[in-house]
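Just one chain follows, in the form predicted alone, and it is written as C-alpha cells.
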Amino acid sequence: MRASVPLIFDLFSAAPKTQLEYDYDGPSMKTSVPGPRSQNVGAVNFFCNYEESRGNYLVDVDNNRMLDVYTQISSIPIGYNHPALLKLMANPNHLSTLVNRPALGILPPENFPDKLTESLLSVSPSGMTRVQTMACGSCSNENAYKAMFIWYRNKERGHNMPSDEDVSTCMINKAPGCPDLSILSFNGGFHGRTMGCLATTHSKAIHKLDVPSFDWPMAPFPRLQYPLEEFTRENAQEEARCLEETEDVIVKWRQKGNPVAGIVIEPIQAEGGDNHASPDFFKGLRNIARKHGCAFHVDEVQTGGGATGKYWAHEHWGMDDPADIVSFSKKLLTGGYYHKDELQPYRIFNTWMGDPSKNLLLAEVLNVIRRENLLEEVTRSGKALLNGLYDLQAQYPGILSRARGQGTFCAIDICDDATRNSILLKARDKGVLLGGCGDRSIRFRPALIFKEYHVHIFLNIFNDVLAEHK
C-alpha cells in the first residue's frame, strides 16, 4: 500500500492542470508557524496578511504561504481575494451599501428585496419561500428557536393574540407568558454559543462550562461505522435505536410538563466530530416531528453553501418537505434562516438583522458558483480527497481510521488527541492549514475553488507528516 500516494501524485502529474489565475502554485514556508511576528498572541493562531492571500492560499505576517483546507472554520466560499469580488467592491455604485449600515427591520434600503431575490432567495431550500437575515450563525439559531416557540404557542392558542395573563406573567419570567417549552437537540451537536444555542450544544465542555442552561432534552445521534456501504445493517440498527429513543424523549418531556416545541439537528455534526447519518434517519426524524407537532429545524450553518456538492446538505436526503426552518451563515457570508410561511413571527427583531453589503457579495459569489460550475468541481475534488484519505488510512492503519465525507466536507479520525494535535501543527509548518473537530478528528473544509490538483498537493504533504509519526 505504500505506493498509493505516489501513484496519486503520478496521476495528478499526467492530468491537465488549469491553474487559477489568482491562485498561487503551492505553499511557501519561511518560518515555523506562528512566526516571529505572530509570537505571544494567546488564543490567536497567527496574524494574517489578507492583502497577499489569494485563492486557496492564506499568507501570514511572516510571509508564510499555506494551502488553506480549513478556510476560517468553513466560511470562505470562493477563496481569498477572488477577482469577481474585488471588481464588485471597486464599483463606486456600491459605496453607499458599504458605508451605511441600516436597521433592516425598520429602515431597509430600496434595493434590499431585489438583492435578497438575487442572493438568498435564489438558492432557497425546498418548500421555503421566506428568509430572515441575521448577523451570524449563533443569532440565526437563537432567533429561529424563538420563532419556533412563538409558532408553537400560537398553535396552542389557535390564534396569535396573547392573553392579559400572558402579557403580565412574561414580564416577571413566569408561565404562561414565559411557557415551559423546550428544544430537543442531539448528543454531539453544536449550534452556537448564545444562551439558547448553548443549551442545545453538546460537543465540548469548554463551550458550556460555568454558563447556566435550560432543562431541555437531548437525544442520541447515530454513531455509525465507516465505510457506510460495508456496515449497512449495523448502521440501520443504530439509527432505528436513536429514532426510537428520540420519540421516547419527546413523550417523556411532554409528560413532565415541558413539551418539545422544536427539534434542531445538523445534517452532518461538524464541530462534534463530523458525524454522519443516512437520509432514512433524517426522514424518520422529520416524520417524528410531524407526528408530535414539533417544528423541525435543520442547522446548515456549517454544511450550507456548497461544500457537500449541493447548496444544502439536506438536499442529499431527497425530500420535498425537509424542514420548517433552515438556518445558515459561514459560506453564505450573512446569517439568517429560511422558514415556512406559518413561522413568520413579527416579533423577531434586532438592530441590524444582517448586513446588506454581505447580500451584495453573496449575489456575486453565487454568480461565480454557477458560472464556474463549482458544485460539480466540489463533487470531483471531494471524490479525489476521500479516495486519497482511504489510501492513507490503509497505509497508516495505526494512525488513521474512519475516513468519511460528502463532497469536500470530509474528515478522518486520528489514533488519539495528542497525535491529532501534533499532526495539525506539523502540517501547518509544512504549509497546510487544517482544523480539528470532535475528540480526535481532523476536518477538511476547503473553499469551493479547491480543485483536484490542490487535493494532491495536500495529500503529498499530509503523507510526509504521517510518515514522521509512523
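Numbering starts at 1 and runs along the sequence shown. Remember, predicted model here, so these are calculated numbers, not experimental data.
The same protein also exists as the form predicted in complex with another copy of the chain; that form is not shown, yet it is the one meant from here on.
No member of the trio Gly127, Ile288 and Glu364 reaches another copy of the chain in the model of the complex with any non-hydrogen atom inside 4.5 Å. Listed residues Gly196, Pro322, Gly309, Gly272 were compared with another copy of the chain in the model of the complex; Gly196 is the one with a heavy atom within 4.5 Å. This chain is drawn without another copy of the chain; in the model of the complex, the residue among Leu121, Cys178, Val368, Ala240 with a heavy atom within 4.5 Å of it is Cys178. Across the options 262 to 270, 222 to 230, 350 to 358, 313 to 321, residues that bring heavy atoms within 4.5 Å of another copy of the chain in the model of the complex belong to 350 to 358. In the model of the complex, at least one heavy atom of Lys146 sits within 4.5 Å of a heavy atom of another copy of the chain. In the model of the complex, Asp391 stays away from another copy of the chain, with no heavy atom inside 4.5 Å. Using a 4.5 angstroms threshold between heavy atoms, Leu425 stays clear of another copy of the chain in the model of the complex. Looking at Val61, you'd find a heavy atom of it within 4.5 angstroms of another copy of the chain in the model of the complex. Taking a 4.5 Å heavy atom cutoff to another copy of the chain in the model of the complex, the contacting residues in 113 to 141 are Pro113, Ala135, Cys136, Cys139.
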